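Next up: just one chain, as structure tokens, the form predicted on its own.
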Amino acid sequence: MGRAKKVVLAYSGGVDTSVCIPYLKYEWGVEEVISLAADLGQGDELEPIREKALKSGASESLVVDVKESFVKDYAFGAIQANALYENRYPLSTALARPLIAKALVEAAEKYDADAIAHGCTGKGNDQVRFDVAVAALNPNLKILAPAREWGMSREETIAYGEQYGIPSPVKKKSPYSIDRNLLGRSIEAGVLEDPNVEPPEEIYLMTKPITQTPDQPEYIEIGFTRGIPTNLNGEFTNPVDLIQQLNQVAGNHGVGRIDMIENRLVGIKSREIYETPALSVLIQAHRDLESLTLTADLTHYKRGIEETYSQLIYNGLWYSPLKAALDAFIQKTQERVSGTVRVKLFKGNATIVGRSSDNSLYTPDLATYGAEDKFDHKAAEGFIYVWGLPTRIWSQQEKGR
């Protein structure tokens, strides 16, 4: 099936993406496959992955370090938006997809390829995220998804790969499907497909079980500048280091585990487990700092924007016009969101215990019930009369019927 001559393939080093290389060449007539692995801080050794792609038949194997961009250009914007899909999932995996798509498109343009390929199946969210993002960035590129069409079982996929020198996994395959990057891990499949089964401890890697966490709380301070986390415990650090340090500190206290039934874009309910220590703490701290520095009407209105923003990311619409418009709104709201938030980490909980800002709207002499109180209590009566007037008139009219 000759669909394209030169293809850039999103490559992870796993069975499916490795088999995609000979499949594209020998079943679909692609002349040249260039693999691209994105370093998102997943912890994998990328040199063996690069070499495996070449052994699997790739004409060129690219490894792109995008960790800094991942945090600065994707994670930080989501933190400013307090982005939580279905009010729980901080989009650690979803945020990586538009960045990978961008790297694929840039490589395709550099190497004069006419198509992008990925190893996504037809049941997940990632196929949508990749396809829509690539179409937004370069609508002239074709998009190939062999795993969505080849109809092979895993055993058949492995056997197909062996025909072309791709070794089958030598160790016993984990029953779980795991995706990891700098922002967290997502775990699904295996026994987790029964929503009534407690996740076994073996699936977790970034967070300690409560029984092994310290018996004393740990206090940390996170500094924000215009809604972006810039320092940890008073020390300014680069974005990647800040996330890594906070992952370690919060994960050590068992913070950041999420077990949820999630509504996928393709209409399927899925049981998902996430570990997102740093991202969970940062969104919680950022939202708290906003409560100190933003007016009530702006805070309340922004909550609705945040829900829409989260859905756009989850649904693969990072590069959409609506997302761009909401970005402008969110950036405007962050102009005064600077300050420090103190967080208590203890036994799986991250609790906000203090916050301060030069832009604080909290006025002690108005809030106090002590002798320093400067609030004009007499003004309240007139305010209540005017505020309640529509309700009073409605009630009088209703009772007069």
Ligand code: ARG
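The structure displayed is predicted, hence computed values, not measured ones. Heads up: residue numbers just count along the shown sequence, starting at 1.
Only in words, not in the display: the form predicted together with the named molecule, which the text now covers.
262 is the sole member of 306, 290, 275, 262 with a non-hydrogen atom lying within 4.5 angstroms of the named molecule in the predicted bound form. The partner is absent here; in the predicted bound form, the one residue of 107, 187, 312, 115 having a heavy atom within 4.5 Å of the named molecule is 187. Figure note: of the listed segments 154-162, 137-145, 87-95, 228-236, the one touching the named molecule in the predicted bound form, with heavy atoms no more than 4.5 Å away, is 87-95. Using a 4.5 Å cutoff between non-hydrogen atoms, residue 125 counts as a contact of the named molecule in the predicted bound form. In the predicted bound form, the named molecule sits within 4.5 Å of a heavy atom of residue 178. Contacts to the named molecule in the predicted bound form (heavy atom within 4.5 Å) from stretch 127-156: 129 only.
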